[in-house]
Structure formats: C-alpha cells, structure tokens
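The chain below stands alone and is given as structure tokens, in the form predicted on its own.
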Amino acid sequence: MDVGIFGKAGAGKSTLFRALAGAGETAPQGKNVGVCAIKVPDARVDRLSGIFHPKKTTHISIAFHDIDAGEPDLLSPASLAALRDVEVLALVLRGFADDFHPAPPGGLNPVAEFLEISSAMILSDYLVAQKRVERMTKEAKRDAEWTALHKAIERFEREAPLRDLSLAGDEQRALAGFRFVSRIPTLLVLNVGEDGLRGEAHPELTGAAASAGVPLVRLCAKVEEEIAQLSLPEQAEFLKEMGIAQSARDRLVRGAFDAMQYISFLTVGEDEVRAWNVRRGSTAVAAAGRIHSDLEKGFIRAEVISSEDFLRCGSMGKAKTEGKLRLEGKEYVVKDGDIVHVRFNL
C-alpha cells in the first residue's frame, strides 16, 4: 500500500516524513520522492503469532512517499508523475506558526490551502481529459472511454474531483490508464503547533473535510519527529505526558485505511501468521485471490472465524466445539479481523 505525502512548501510534510521514517526503513526513490516502509501495528497478529509460533509473522506494510511540490508551479510534471503512482494521498496543510515560520500575510487558512491544491489537481486532470476528447472527436470514436471522459469533464467544470464519481465497470477501466490525480482517495493532515494539540485547532477544516468526504487527522509533525527518536517505552511515556492518544504513524495508518475503505483479514498456521488488506465489502473469493490467484480460481469454501472469537477460545478445536468456526461461500463478505482458511481445488 503506497501513501503519498504532499503539500505546499512550509506545511511541514518533510518533518512528518522524517517522523514516520524514524519508525521504518527509508530509501531514496528519485529526485522528487523519498520513501519509508512501515509495518502496520496489529495486536491481533502479534497475539496469534504467540499461539501458533510460526516460522514467519507478516504485518501489512505501508510505504510513505515524500513527494516534493513543484517550484514555482505546485504540480510540476515530476510531482504529477509521482502522485499518479500512489494509492492514497496524505495532503499536509499548515496549521502552525512560530518564530522560524511566521504566519503568512492574511493568517493561516488551511481550508483555502486545501481548496487551492484541489483546484490545481482538478485543472491538471481537466486538461488531460479535454486533450483526449479532442483527439477522439477527430477520430470519430464513441465508446465507454468517450462516455467516461465526458462524465469526468462535467465534474471538472463544476470544480469537483473524481474521488466519488460513480462509473460503470467498463468506464472505470477506460479511465484507469489516465491515472487522474483527483481520483486518488485523500486524507487531510493538519500540521499544528504544540499548543494546537489540545482542543480542536482550525475547526472550520472539520466541516470542509466532511463536505469533501475525506478523513482528517490533526497532529504536530515537530513533536512526532521528537517522539520518533525515543525508545518504544519512552515513546509511550512521552505520548502520555503530551496527552496524545496515538502516534502520528498509527493515526495516518488508520486514516489511510479509512480513505481507501480497507479492512484487514488474517491467515494463520505453523508456517506463517499474516495480515492482508482488502477493500471493505470484498467477498471471500476476492480475499482468496488476494492471497493467491490459484485460491481464487479453485475456490470451494472458506473456513472463517473472527479473531476475537478465536483468541477467546485459544484453539481451533475449541472454536469448532463452540460453533464459532463456520464455512462460507464465494459471496460471503469478509469482515475486519476475520481469520480465513480457503478450501480450493484446481
């Protein structure tokens, strides 16, 4: 899962990236991008690993990409190329001012900053779509791509992104190759000062985020960078003293999952205990395909038990005795925390 951290100069996105990098592995990826990989903490995986003692324990991994904004244009060709490669956009907005970073003329306005960046992305997508339609007009092509592009252009002309545009399956496939940036699921990250951690800083952004249908996380990147340099016990104590319920890493992970509408399911055994991410509403056969394409092709049934029930029972034997382990068919909708074992035959 790839999350792009993006924002205007001075918003603090690079500070946030360094805070995240303190908890993961970093590597340069290109002139405009840096990347750090972070294992998603999941107590269920750890507890199940303690029961099965597998050869390998695998958490879901999220790669955070620090994407530079273009200068003087916000969306340079290199920035757009990097944005099109991510699954989720974490848009960092400035909500702090200090001696080294005084407030800009007119004061801080994260809502206006959000709308400015959103408008730039919509305009970029509009120009791409319009150019393609002009070419299709000359070629007299009228197909699913033509229909989808006109739906997209209608949204752009209303200054609306593509994130929540409903499209038929063939229309979605037709637009997929364009990798429109306004279609990327988005998470707003308001970077506040230390004083902004208590209370709801810039409450007007809450309404703007709700209207746009995007999750919102408030944090102080400077404090999170300091936390990242501490040992795990020290981090817990520091968070407690600061009155912070969760670290930025955990909140960004949760926010990214919410933006993508992801849930986690698990597979267990002596070889490996592993967490997998799938879209909310995914069926058992789709989850099987997430593990391996052969499981999807030869799917027969799925043995399913919630991790909560299994951990309470302590073993599959007891879970069967109590009737908590059940067989489900292809259309079963997988729930967050389900332990799934796929029966298949090729």
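This structure is a prediction, so every number in the text was calculated from the model and none was measured. Counting begins at 1, following the sequence as shown.
The next section is about a form of this same protein that is not shown, the form predicted together with a small molecule.
S.K.: Looking in the model of the complex, any heavy atom of Phe96 within 4.5 Å of the small molecule?
M.R.: Answer yes; at least one heavy atom of Phe96 falls within 4.5 Å of the small molecule in the model of the complex.
S.K.: Whether Gly196 contacts the small molecule in the model of the complex should be assessed with a 4.5 Å heavy atom distance threshold; does it?
M.R.: Output for Gly196 is no: heavy atoms all beyond 4.5 Å of the small molecule.
S.K.: Taking heavy atoms only, is Val253 within 4.5 angstroms of the small molecule in the model of the complex?
M.R.: Taking the distances in the model of the complex, the answer for Val253 is no, it never comes within 4.5 Å of the small molecule.
S.K.: Is there any non-hydrogen atom of Leu327 lying within 4.5 Å of the small molecule in the model of the complex?
M.R.: Although the small molecule is absent here, Leu327 would stay clear of it in the model of the complex, with no heavy atoms inside 4.5 Å.
S.K.: Are all three residues Arg183, Pro185 and Gln261 in contact with the small molecule in the model of the complex, where contact means a non-hydrogen atom within 4.5 Å?
M.R.: No, the whole trio is out of contact, none within 4.5 Å by any heavy atom.
S.K.: Quick check on this chain: which one of Val192, Ala152, Ala90, Ala248 has a heavy atom within 4.5 Å of the small molecule in the model of the complex?
M.R.: Here the answer is residue option Val192.
S.K.: Though the small molecule is not shown, can you say which of Arg218, Arg274, Lys222, His202 has a heavy atom within 4.5 Å of it in the model of the complex?
M.R.: Exactly one listed residue reaches within 4.5 Å, namely Lys222.
S.K.: Can you say which of 165-173, 97-105, 128-136, 263-271 gets within 4.5 Å of the small molecule in the model of the complex, counting heavy atoms only?
M.R.: After filtering at 4.5 Å, what remains is 97-105.
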